[in-house]
Ligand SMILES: Cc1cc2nc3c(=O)[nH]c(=O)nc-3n(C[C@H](O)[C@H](O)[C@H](O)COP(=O)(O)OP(=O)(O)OC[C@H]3O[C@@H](n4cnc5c(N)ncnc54)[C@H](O)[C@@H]3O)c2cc1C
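Only one chain comes next, encoded as structure tokens, the form predicted alone.
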Amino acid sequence: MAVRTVKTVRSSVWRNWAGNVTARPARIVAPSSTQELAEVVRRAAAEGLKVKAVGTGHSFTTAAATDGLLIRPHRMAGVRGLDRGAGTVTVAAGTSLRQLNETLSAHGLSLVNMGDIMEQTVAGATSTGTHGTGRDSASIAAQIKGLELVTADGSVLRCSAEENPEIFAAARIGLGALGVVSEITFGVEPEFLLTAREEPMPFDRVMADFEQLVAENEHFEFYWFPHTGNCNTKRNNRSTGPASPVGRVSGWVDDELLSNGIFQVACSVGRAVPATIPGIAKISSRALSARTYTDIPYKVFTSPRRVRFLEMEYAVPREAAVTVLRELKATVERSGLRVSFPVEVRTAPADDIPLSTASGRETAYIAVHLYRGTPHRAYFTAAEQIMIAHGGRPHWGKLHSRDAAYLAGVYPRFGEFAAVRDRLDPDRLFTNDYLRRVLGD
């Protein structure tokens, strides 16, 4: 094994997708194999450099920022194994969700659920708890069947429900605190069709029917447009077909022109002249009309996101969702805040991952956004205060102000994760300021 093939940038500046996080690591490396990854971790430890890995930078937090060694996994990409009989696919950590979805589709397979973008790497998405919406199907991390980690001493550790199960339990959402993920095995199933029904609906009706809408649909989500009483809902359910994809022209109008192009202009105008935002919101909330289409899963679950923004998302007990949303709406209406982005609401079943935002409880996700460059602190702080009053758990990759003392109180298995971390990284090779805040020393 030779490490001379590892690409190294001696000094460089790294920025995340949203542009709100900048890091100046001492060195950036791009290993092309697990063996090379293990060697660069050992070398960094010997040099006294902290180690972090980063994917495509879609986190809004400083979870991957470091002044030590930054590992870019893009050369560790692609399928390493596909077992149709077992219903699994094994991929290298730097594989993008787009590449994974397209490869699975080519083999007539699919993930059971996913988030709404495909630009992330599989390791980055799972490590921070990326999720979609689902009545019965949970986050991407909950679909993991096995993991390969490079730990602090450079060892390569494999884990699953049968092999190192206590590590597996924690490492599916590991925040980069347990080691560098080098490979992931996902459970998959034969590709199926989903019928999506997108429909405008009044806020009060969504609130009144929320539990029914969740119970009656495999996947339900909606957007509420602040300064209005309008929502746009989306219901996805399995279909026997036939496939009836969004038309090329109508899809471009809705997904590119309205949701990205015109919305970009509207956000820019709102940032420059905040007084125009309520009026723009009323127009925007009525711009998208009802539509129904049927397609393979990743083409229904995901959509392009070209307008850059900042985001905070909290997971609250599902039974608290309507109360939280009504409080958030009342806060926006009486505060004088000007909010140009819709609020996104999704759900998830309880899962068994210690640091999953849905760990042990039925969950509703409430995400607030603001256009990049717009002052966000007042709005996000107001929303956060509502969320934490209901035991909210912040998304690990999105903006929040919570620390280890708070998080230990809302995660019953927080101590279990901490014990695994102490075992795998006692000297905190993989720490940074963010992990010190959310996990403690």
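Residue numbers run from 1 along the displayed sequence. Note that this is a predicted model, so its numbers are computed, not measured.
Only in words, not in the display: the form predicted in complex with this ligand, which the text now covers.
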So which of Ala63, Val41, Ala383, Val29 gets a non-hydrogen atom within 4.5 Å of this ligand in the predicted bound form? Ala63
With this ligand left out of view, which of Thr347, Ser284, Thr128, Ser340 would have a heavy atom within 4.5 Å of it in the predicted bound form? Thr128
Verify the contact flag for Ala141: yes if a non-hydrogen atom of it lies within 4.5 Å of a non-hydrogen atom of this ligand in the predicted bound form, no if not. no
In the predicted bound form, Lys398 touching this ligand (heavy atom, 4.5 Å): yes
Contact with this ligand in the predicted bound form for Val368, defined as at least one heavy atom pair within 4.5 Å: yes or no? no
Is Phe309 close to this ligand in the predicted bound form, meaning a heavy atom pair under 4.5 Å apart or at it? yes
Let me test this: is every residue among Ser110, Phe192 and Glu218 within 4.5 Å of this ligand in the predicted bound form, going by heavy atom positions? no
Would you point out which of 287 to 295, 224 to 232, 170 to 178, 209 to 217 contains residues with a non-hydrogen atom within 4.5 Å of this ligand in the predicted bound form? 170 to 178
Scan 37 to 68 and write down, in order along the chain, each residue with a heavy atom lying within 4.5 Å of this ligand in the predicted bound form. Lys52, Ala53, Val54, Gly55, Thr56, Gly57, His58, Ser59, Phe60, Ala63, Ala64
